[in-house]
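Laid out below as structure tokens are two forms of one and the same protein chain, each shown alone and named structure 1 and structure 2.
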Structure 1
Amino acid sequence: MVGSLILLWPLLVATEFRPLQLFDAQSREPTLRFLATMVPPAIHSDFLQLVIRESWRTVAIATAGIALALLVALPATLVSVRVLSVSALSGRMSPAAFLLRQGVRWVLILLRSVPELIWALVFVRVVGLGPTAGVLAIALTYGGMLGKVYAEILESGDPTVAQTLLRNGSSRLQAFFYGVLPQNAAELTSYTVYRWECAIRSSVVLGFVGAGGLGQQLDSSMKMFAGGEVSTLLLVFILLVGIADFVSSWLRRQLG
């Protein structure tokens, strides 16, 4: 008991953990006022129209981002996957090929390690406020993620078919399309659909730094302390995530 308290104490200090602060008069009043304004959600028609438009934009940013991410991920996967190495058929992979594959892999890991919010912050500086920054941010982060996982999925499959094809003189692309892709296609598609669902969730968050969609609307409603609008947006957001969840699990069941 004492030991765990000693362990916990630095955490409490570092995070400025003061629960009582939530209940003192200074923060209680604005909180209660905000909660009170949330109760009838705003449902007048022009606001609802705006919400529907922004929800579509959120989905569109995620979809366009994933489409561009595939443009990054597919070539990177083709280059970096070890099963398609010709020199590895006879013992070790040649050093140049190994360096190329490892280099592409490191680039993918780097793309993936920078959170999409940071990419969005940087791109908002360059291209200005709007969906372009969000699409680019999703494209880069998810490109890295998809590329890395695609390569792992392809390498976890049975390599004999592709190796036999390569040994008998097929090109790498032929070996990919006839040897590697058929046995892994369902898993690849299912992972892509799952990532699309994740992208919808993160495109809402990207709106907070000005990349368009529901998040931007939520941010501005919150800054105006318009509680009714905030609660409508939160409900719509929960609904959207629920629908994406449902569609993605249904699609994955169909593919599986």
Structure 2
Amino acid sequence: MVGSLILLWPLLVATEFRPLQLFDAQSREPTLRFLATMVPPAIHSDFLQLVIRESWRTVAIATAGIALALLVALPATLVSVRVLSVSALSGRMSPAAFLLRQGVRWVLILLRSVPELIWALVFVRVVGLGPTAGVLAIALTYGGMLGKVYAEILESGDPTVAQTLLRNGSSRLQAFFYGVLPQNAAELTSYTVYRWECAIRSSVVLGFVGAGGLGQQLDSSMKMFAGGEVSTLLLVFILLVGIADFVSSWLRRQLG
């Protein structure tokens, strides 16, 4: 415990972590005033219609982003995994195949090392405000994440069937669909569903930089100090994440 505090203290000093500022009079009074405006939540019909539309848009951003991420991750996985390499059957991968495999892996590292929030800021400048920036941001970051984890899942499985198929003249795709995918399908699907759940949460955060959905509306309501609207949006967001978590858990149980 003492050792942990000794290690943690320089980090707290470096980050200028001062939690007592939350209880300072200058911080406490405006905070309490804003919290008071959050009760009761805004429930007028026009606003609720807007919330429903933005909630659907948030789910659509996450789902479209994951779909595009799969278009990035699946080909990259097929190229980067050693278990599907024809040249590696002899025990040593050819230099060209090795360089291609490493190049794809570095691309995946680049994609996932840049947070989706940064990608969203870039795409907002390129394509303007709206859901397109959010979809592209999720697609790139999650494409890198999915590609990395998919490759690790496939590499950890039993390569015997895939290698036998490759030695008998099967293509890389045939070896994937008949040798690797059947034994790893449940784990791959489970991780994909989990990432979709995470993408829903990310899509709300991306809205704060103009990428559409609930986040953009929440940012607008906060800037207008509309506490009732903020309260409603937060409640809907919690409900949305809860539904996504339920769907994700249900799908994992079906796959298990």
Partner chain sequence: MSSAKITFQPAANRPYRLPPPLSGARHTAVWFSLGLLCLVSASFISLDLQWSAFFSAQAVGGMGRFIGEFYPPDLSPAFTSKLLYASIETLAMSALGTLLAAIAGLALALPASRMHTSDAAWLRTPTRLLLNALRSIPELVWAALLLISAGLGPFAGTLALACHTSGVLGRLYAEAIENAPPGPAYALRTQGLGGARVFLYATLPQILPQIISYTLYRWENNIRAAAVLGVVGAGGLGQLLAFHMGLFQMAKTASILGAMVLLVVLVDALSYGLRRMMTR
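Here, residue number means position along structure 1's sequence, counting from 1. The structure presented is a predicted model; accordingly, all values stated were derived computationally and were not measured.
Here the chain taken from the form predicted in complex with the partner chain appears as structure 1, while structure 2 comes from elsewhere.
Relative to the larger rigid part, the smaller one has turned by 21° between the two structures, according to C-alpha superposition.
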